[in-house]
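Take a look at this single chain in structure tokens; it is the form predicted on its own.
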Amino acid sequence: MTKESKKKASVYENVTKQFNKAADLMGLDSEIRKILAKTTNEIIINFPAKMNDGRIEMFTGYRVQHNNVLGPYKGGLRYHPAVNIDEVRALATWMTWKSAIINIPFGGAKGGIQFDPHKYSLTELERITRRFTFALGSNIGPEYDIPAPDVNTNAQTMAWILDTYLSTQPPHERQRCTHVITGKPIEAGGSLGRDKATGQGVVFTIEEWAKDKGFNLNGATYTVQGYGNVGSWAAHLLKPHGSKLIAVEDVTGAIANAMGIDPDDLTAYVKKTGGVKGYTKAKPIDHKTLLSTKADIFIPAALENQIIAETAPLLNIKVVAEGANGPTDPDGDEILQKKGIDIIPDILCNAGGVVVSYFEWLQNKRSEFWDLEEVDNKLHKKIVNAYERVRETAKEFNTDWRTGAYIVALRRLETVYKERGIFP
């Protein structure tokens, strides 16, 4: 086993540890605990796709459905070499908690294909995506399991999935099924505000944290790890506050400028070149220097397990706003708490994406189209309400915010199970 896969193998263990800590503290019903500790369905599909040169390649795809007691399964699809059943299981479980915290009628799911999409052409990616969708078949559906974009997937990927799925439906049913996917292009039934939704949610939670602390975001400094959709939008939306981006890292490298980096200029550069490396208005730095850069806010918006026992001591910040899923493991959590660094946990901080996915799903079901102001106002209300629930629960149980967030989710799920009972 490689060092990398060994590290990845602990992601689901981290979820389990966090779950057990919250369940113990709140005294979760032992029978309901058994149900929530397991995923409902785990689908692994090995499927072929034809390459441009006529060769056939085999791919492994996953869809894990954790729980649907609150509503249809919901969760992204990622394309990444590190995708495996352990990771997808963890991400699906987080989605259940996230939907419960944010108070939307969805359950949790996640999926992906284990490959590096950067090594394939656009036409090959389309064939891989369509073949995977066809192979999933009725494991997804508009009232059953609704995928969305995630790491290395986007609105174009969702449009291919939508078209493939609709092609498998009887002609007279197709228009009733457009909400099988969210994160679609606007013209194909997407929602305004979906592209920025996760980053917008991150900034809404930072605003609430700043209000709680009496902290002025004007002149505040921050660093970002991962400058894709979430990281770049969060930076863009912090700009009007007068906050200053001083260091950024992505898969290509890391850069810093103590005088500040213009997020919009950097976004334009990344769109052109594919990464932050070589950006001339900042100097190159290494990963360790990025983590130890003194700032007010750190936004990890990359992959899991970035703030761990080895890296957490380096952080010199006031708050971690978790734009990514699972960027902090339990060891890292403990160190940050000892250092007095606040954490806005992922299942609250980055929930903006699933909220606007829910709005898109609703708009499709109702044949409506909301303007951006309506989407943003509704999102703000959902995020702030969830933030307040987590804050009050953390106070009530005298615990950290992550455990508080878990308790909010578990209480809601426990209530529904107690009301509905277990069949038969």
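One rule holds for the numbers: they count along the sequence shown, beginning at 1. These numbers come from a predicted model, not from an experiment.
A second form of this protein, the form predicted in complex with a small molecule, is not displayed here; the remarks below concern that form.
J.: Just to confirm, residue 345 within 4.5 Å of the small molecule in the predicted bound form by heavy atoms?
T.: Contact with the small molecule, no.
J.: Against the small molecule in the predicted bound form, would residue 201 count as a contact residue? Criterion: heavy atoms within 4.5 Å.
T.: Residue-level check for residue 201: no, no contact with the small molecule.
J.: Indicate whether the small molecule has at least one heavy atom within 4.5 Å of a heavy atom of residue 232 in the predicted bound form.
T.: Residue 232: no, not in contact with the small molecule in the predicted bound form.
J.: In the predicted bound form, does residue 67 have a heavy atom within 4.5 Å of the small molecule?
T.: Result no; residue 67 lies far from the small molecule in the predicted bound form.
J.: Just to be sure I understand the contacts: of 150, 322, 87, 329, which is the one whose heavy atoms reach within 4.5 angstroms of the small molecule in the predicted bound form?
T.: Selected option: 150.
J.: Tell me, out of 112, 190, 353, 226, which residue has a non-hydrogen atom within 4.5 angstroms of the small molecule in the predicted bound form.
T.: For this set of options, the contacting one is 353.
J.: Thinking of the small molecule in the predicted bound form, which stretch from 369 to 377, 40 to 48, 22 to 30, 354 to 362 has heavy atoms inside 4.5 Å of it?
T.: After filtering at 4.5 Å, what remains is 354 to 362.
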